[in-house]
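In the block that follows, a single chain appears as structure tokens, in the form predicted alone.
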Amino acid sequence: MTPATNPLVAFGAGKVILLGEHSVVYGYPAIAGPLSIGVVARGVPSRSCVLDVPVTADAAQKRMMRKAFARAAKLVGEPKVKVTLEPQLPLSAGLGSSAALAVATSRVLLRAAGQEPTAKATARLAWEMEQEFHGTPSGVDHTTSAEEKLILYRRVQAPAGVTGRARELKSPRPVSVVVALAGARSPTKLTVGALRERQARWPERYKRLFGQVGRLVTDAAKAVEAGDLEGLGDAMNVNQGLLNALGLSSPALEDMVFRLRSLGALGAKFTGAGGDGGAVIGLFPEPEPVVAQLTRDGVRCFASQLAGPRAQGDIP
């Protein structure tokens, strides 16, 4: 254990799904990338293994965090460490806040237990926490956070259970997005549950729509690797149309999508579950002026680079 004067510190990145949310749950591919902000976890020696939950969390969130923490801690022998969390992400906005929390916490627990927090070990432990948070998550959120790379991800049903396969997507050009919050967030379980009911009622229709999203993701992955930002942006725009067709968008999200496009976005769509509100992303070659404009207009937003070469001095 490190001394109290030098506590364990770990970071878990938030995430955005560039293309493929929802369909990824049904085995189709998705592209997701890590954000520059997320959750910081700090650990100090303690008489027991305990989580100090953020005061900003409500009672239900606190119970869930403690339950997820206990599940992960038990798997690494419950090292005597007190873990505190510093969330930088808005909760329940479709930006992978629970996965970022799980990854940061898992890294601290692994180090406190004397284990190396490799991406694989971190993802394995974070997956246990994510199951407490979401029941049957796709796996894309915590995998993206643990890998800290832009990835092409597919959920796979294996004999031992659900697993995921990820491949890094490298771009010769910077892939940067503006993330803007819009509307009031709907509970993910309600949005996902309603889609599942429609999919069960009209399976062939929704299979075709999910298949079209899957083909878009494949096209978008090729565009990323070719540095074709215009092609990537167009795929994002078409994906937004399909998400709308799946009944997942709303006036607040659509308004922000068109607002980002009017500001020059090569492509714009919501990211995450959708519903009444959440996060909308826009692909911009130069995102900083857009963030400045939106901030002046009172929009909560930030920019993040997901892949590609970085300017000298930039922090990955």
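Because the structure is predicted, anything quoted here is derived from the model rather than measured. Note that residue numbering follows the sequence shown and begins at 1.
The same protein has a further form, the form predicted in complex with (R)-mevalonate, not shown here; the description that follows concerns it.
Overlaying (R)-mevalonate from its position in the predicted bound form leaves no ligand atom within 2.4 angstroms of any backbone or C-beta atom here, which marks the pocket as open.
Looking at 110-118, 74-82, 131-139, 198-206, the stretch with residues near (R)-mevalonate in the predicted bound form, meaning non-hydrogen atoms within 4.5 angstroms, turns out to be 131-139. A heavy atom within 4.5 Å of (R)-mevalonate in the predicted bound form is found for exactly one of C301, A307, A10, V24: V24.
Proximity to (R)-mevalonate in the predicted bound form, taken as a non-hydrogen atom within 4.5 angstroms, holds for one residue of V192, V179, V175, A221, which is V192. In the predicted bound form, (R)-mevalonate lies farther than 4.5 Å from every heavy atom of G275. S171 falls outside the set of residues with a heavy atom inside 4.5 Å of (R)-mevalonate in the predicted bound form.
In the predicted bound form, none of the heavy atoms of N244 sits within 4.5 Å of a heavy atom of (R)-mevalonate.
Taking the partner from elsewhere, I17 is found to have a heavy atom lying within 4.5 Å of (R)-mevalonate in the predicted bound form.
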